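Only one chain comes next, encoded as structure tokens, the form predicted on its own.
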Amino acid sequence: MTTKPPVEDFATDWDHTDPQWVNNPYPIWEELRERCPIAHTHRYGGGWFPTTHEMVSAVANDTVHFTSRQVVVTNNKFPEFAPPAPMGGAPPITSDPPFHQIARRIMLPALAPGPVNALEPQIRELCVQHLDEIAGREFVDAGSEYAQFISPGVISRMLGFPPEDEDRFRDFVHLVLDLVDLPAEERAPLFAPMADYFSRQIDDHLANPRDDFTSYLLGVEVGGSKLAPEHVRGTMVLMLVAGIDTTWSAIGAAIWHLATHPKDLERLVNEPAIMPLAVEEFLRFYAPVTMARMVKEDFEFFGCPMKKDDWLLLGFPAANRDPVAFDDADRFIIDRAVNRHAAFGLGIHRCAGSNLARLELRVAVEEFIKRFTKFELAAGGDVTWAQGQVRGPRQIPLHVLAS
């Protein structure tokens, strides 16, 4: 990673990769919400960070003033390898209307409740498999030995990719979402192996069609024509990167919470009926995803003079802790009944894979607490968190007290 000066004032110089932000962003967001609800930075070529639910929602629902052509804040706002608007590099998340509606409609059948719910036995089997590998031990790492394996296993099966390539998938995630500090001339060439990998998978599926999402994309027709190769590749990248890191992070955050809140763990173990409510509260309180937009043209937003091509980093996690939008917003309430959180985004880009993410999170936590009924953070163990726009714990060293 590059060496950068630390942030001294997040209101005028925010950086989502700064160690303070990575380790514990919530006090930063709370302070900004009170003092400067739309923070500004000159880093990454200039950008803004709204912290209230009202402002985040306003940006997410405004496709007139904001474009989604780039959704990851980096030092390169105009990468040569990414198709321009309205498609963008990973449709539909990088697509603007009206193309967005077409690209999103293509994905929805595979992510509808019926097909997704049919995956539950496979997901549960995957969780049990990895739990079997750490069973009987007093000390386990719930991040590196469990959470990191669940979503790659699910997504690789959906895409029809070799399961032995899962380490490579995590490398792709790291490149796309974590290595955003690299200078553009250093980062851009790193995408070549990923592009080659997806091209090989497309070629293999064209030669050997099967019942998976990749073959589905290759067979889809819009207006009598097959999807453009860059559309197919971009949607596959979206499915893999977004489908892995977001759920991996959510599973890890849920287990970390239970390790540090024994009463909540005890309730979930003894009252399994509250699991659906707990899942929603895990998503609200530890929402892993922030998502970027770019300003289309100069205009003023809530008094801020935004310039063309400025970044907007949408703080969905910050919006979820806005006391104006949620009662007791700063408290984790495991059986919170009213919970219209923004963990899956807002507006037309609300996560198309929310059904799958909820299912993976629920099953992963159910199986973990079934196997380990009482646990805590291991003394002296370091919990590490991913930097960038998807935040979740990577190492979660646990001391198992009962199983």
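All residue numbers are counted from 1 along the displayed sequence. On a predicted model such as this, the values are computed, not experimentally measured, just so you know.
The form predicted together with protoporphyrin IX containing FE is left out here; the points below concern that form.
This chain lacks the partner; the member of L111, V180, L265, M294 within 4.5 angstroms of protoporphyrin IX containing FE in the predicted complex by a non-hydrogen atom is L111.
Residue-level contacts in the predicted complex: of V140, A278, A318, I93, one residue has a heavy atom within 4.5 Å of protoporphyrin IX containing FE, and it is I93. This chain is displayed without protoporphyrin IX containing FE, yet in the predicted complex the stretch 353-361 from 331-339, 46-54, 22-30, 353-361 comes within 4.5 Å of it by heavy atoms. Contact check at 4.5 Å (heavy atoms) against protoporphyrin IX containing FE in the predicted complex: none of L126, P272 and I369 pass.
Protoporphyrin IX containing FE is not shown here, but in the predicted complex it comes within 4.5 Å of a heavy atom of P288.
Although the partner is absent here, P37 is not a contact residue: none of its heavy atoms lies within 4.5 angstroms of protoporphyrin IX containing FE in the predicted complex. Contact check for L258: every heavy atom lies farther than 4.5 Å from protoporphyrin IX containing FE in the predicted complex. When contacts are judged by a 4.5 Å heavy atom cut-off, I102 does not count as touching protoporphyrin IX containing FE in the predicted complex. With contact defined as any non-hydrogen atom lying within 4.5 angstroms of protoporphyrin IX containing FE in the predicted complex, I155 is the only contacting residue in 146-179.
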